[in-house]
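One chain is shown next in structure tokens, namely the form predicted alone.
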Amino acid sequence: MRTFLPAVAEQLFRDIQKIYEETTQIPDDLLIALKFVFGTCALQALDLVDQRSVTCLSSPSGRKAFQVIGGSGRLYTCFLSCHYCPCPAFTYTVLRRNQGLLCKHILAVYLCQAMAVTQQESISDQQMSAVL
């Protein structure tokens, strides 16, 4: 999984992936590490994962985008390739104030990918162009 995150975050996702494959659970020590590395958005992201709110859209040309249904029911289209989410929290906390690595939506995408619980949807290249 290629990310734009610090090595500690990448290692955390690898650890979650390995242990989740074996046990289908995330142990308390990794949950504490998630909270330590990502702060308050970690719990919110885990809630989105539990609600199966993340869908990976993929097109025949190989493009991928992730749609996340936020806590308010709003749909956010996130892009891991450029580490972007259109939500206000990402704009304010990550981009403007530089106080976080990412928002709960992008964290939920990373977690779903590590846990292999991302919903999958194939769409046409034309539909992907509309999403982009």
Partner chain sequence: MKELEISGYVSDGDDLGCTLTSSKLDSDVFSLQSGEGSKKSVRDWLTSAQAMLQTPQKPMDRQFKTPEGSTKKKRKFKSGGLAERLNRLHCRQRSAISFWRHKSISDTSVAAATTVDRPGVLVLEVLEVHEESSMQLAHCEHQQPPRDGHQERNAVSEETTRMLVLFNRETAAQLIPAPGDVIHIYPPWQSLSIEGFICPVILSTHFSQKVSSASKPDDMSLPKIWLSAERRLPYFLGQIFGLLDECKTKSEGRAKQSKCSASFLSQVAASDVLCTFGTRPCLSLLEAIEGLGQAGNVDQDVDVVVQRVYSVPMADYQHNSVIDKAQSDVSLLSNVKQLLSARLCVLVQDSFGIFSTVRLQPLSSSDELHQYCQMWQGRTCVLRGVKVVERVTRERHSRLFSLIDSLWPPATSLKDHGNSLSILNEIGSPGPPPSFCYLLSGHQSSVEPREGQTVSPLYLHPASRTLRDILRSEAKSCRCSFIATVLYKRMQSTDVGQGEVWLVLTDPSLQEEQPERPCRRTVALCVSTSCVLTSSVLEALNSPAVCDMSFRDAIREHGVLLCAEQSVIETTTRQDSLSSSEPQVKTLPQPPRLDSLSLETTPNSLCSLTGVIVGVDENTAYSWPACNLCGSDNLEVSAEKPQNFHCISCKSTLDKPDTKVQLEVFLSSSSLGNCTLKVKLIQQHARIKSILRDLHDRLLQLQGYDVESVLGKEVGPLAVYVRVVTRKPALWMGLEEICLQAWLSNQPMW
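Numbering follows the first chain given and starts at 1. None of the values given here were measured: they were computed from a predicted structure.
Omitted here: the form predicted in complex with the partner chain. The next part is about that form.
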At 4.5 Å between heavy atoms, is Leu102 in contact with the partner chain in the predicted bound form?
yes
Under a 4.5 Å heavy atom criterion, is Gln44 part of the interface with the partner chain in the predicted bound form?
yes
Is there a heavy atom of Thr40 lying 4.5 Å or less from a heavy atom of the partner chain in the predicted bound form?
yes
Check whether Pro60 has any heavy atom within 4.5 Å of a heavy atom of the partner chain in the predicted bound form, and answer yes or no.
no
Going by heavy atoms, what in 96-132 lies within 4.5 angstroms of the partner chain in the predicted bound form?
Arg97, Asn98, Gln99, Gly100, Leu101, Leu102, Lys104, Val109, Tyr110, Gln113, Ala114, Met115, Ala116, Val117, Thr118, Gln120
